[in-house]
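As a starting point, one isolated chain is supplied in structure tokens, in the form predicted on its own.
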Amino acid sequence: MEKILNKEIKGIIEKHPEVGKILDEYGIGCSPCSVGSCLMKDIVGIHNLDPQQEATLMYRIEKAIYPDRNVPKPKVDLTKKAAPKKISYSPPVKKLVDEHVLIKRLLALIPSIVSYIEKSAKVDKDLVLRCVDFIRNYADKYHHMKEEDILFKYVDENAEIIQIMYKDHDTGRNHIRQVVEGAESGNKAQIKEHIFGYRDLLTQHIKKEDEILYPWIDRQLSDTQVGEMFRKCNEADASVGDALPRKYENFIKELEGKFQKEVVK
């Protein structure tokens, strides 16, 4: 089993596709990952499974890789479902989680916004660019920059999970550049493709952060580091003032009022 734990997950899944399906059952989405260089042992550690889940997972993976081997069953009740693990965050990380809430409210509105644009005689450029303004100045500059300039500095920035987060941020920025192009040229198809691309990316990105990355980072922080990070996040917020988050919360409320009958619940 030690040999499996020290192998890159991409190679394991390519040789044994069943392993990818098993990981998917546990909410570990390694199959679609474009990098796949994480070691199996790191994947298990990052996802912080409870002992019962981890033992069962590793038993099933070993059986998938070595079907003819007599693999001893874990000493856990395989019929008993583990209770969902409640995630608790340190104060500075909780603030980042809370900021996700406003971003998710915009993501929820995107289908209604696209429907409105498609039905309109011409592109409502002002509406699209106001959404872009929210994404660039709240989701990216206000929120993502705290991740990149503060949070990620407390771990190895070369770790694959951090590199994936950086890549997601860059991919999101490219989608938004394409949305702006579409708004300027009146290209509805371009706006639709890339605003939905952004929504799909950020939906999965936020889920990975809330459920995997943030708890993983939190487990590594000392009390001193938590306090230091809290101070740095407060200083970053103070540099832009209270008006910025209030402005964008009011914008989301305005959109929700406009599209309240169309918002996907």
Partner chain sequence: MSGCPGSRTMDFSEKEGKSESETGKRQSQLRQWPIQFHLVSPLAPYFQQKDVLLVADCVPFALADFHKDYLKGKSIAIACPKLDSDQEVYIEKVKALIDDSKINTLTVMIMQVPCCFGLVQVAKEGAEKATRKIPIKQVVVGIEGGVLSEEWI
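Positions refer to the first chain, counted from 1. Everything numeric here is computed off the predicted structure, so don't read it as measured data.
Absent from the display: the form predicted together with the partner chain. The rest refers to it.
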Note to self: Please identify, from 188-196, 107-115, 88-96, 128-136, the stretch that has a heavy atom within 4.5 Å of the partner chain in the model of the complex.
What the structure shows: 88-96
Margin query: So in the model of the complex, is the partner chain close enough to Gly27 to count as touching (4.5 Å, heavy atoms)?
Written below: no
Next item on the list: Determine whether any heavy atom of Thr224 comes within 4.5 Å of a heavy atom of the partner chain in the model of the complex, and answer yes or no.
Entry: yes
Note to self: Glu228 versus the partner chain, in the model of the complex: is there a non-hydrogen atom within 4.5 Å?
What the structure shows: yes
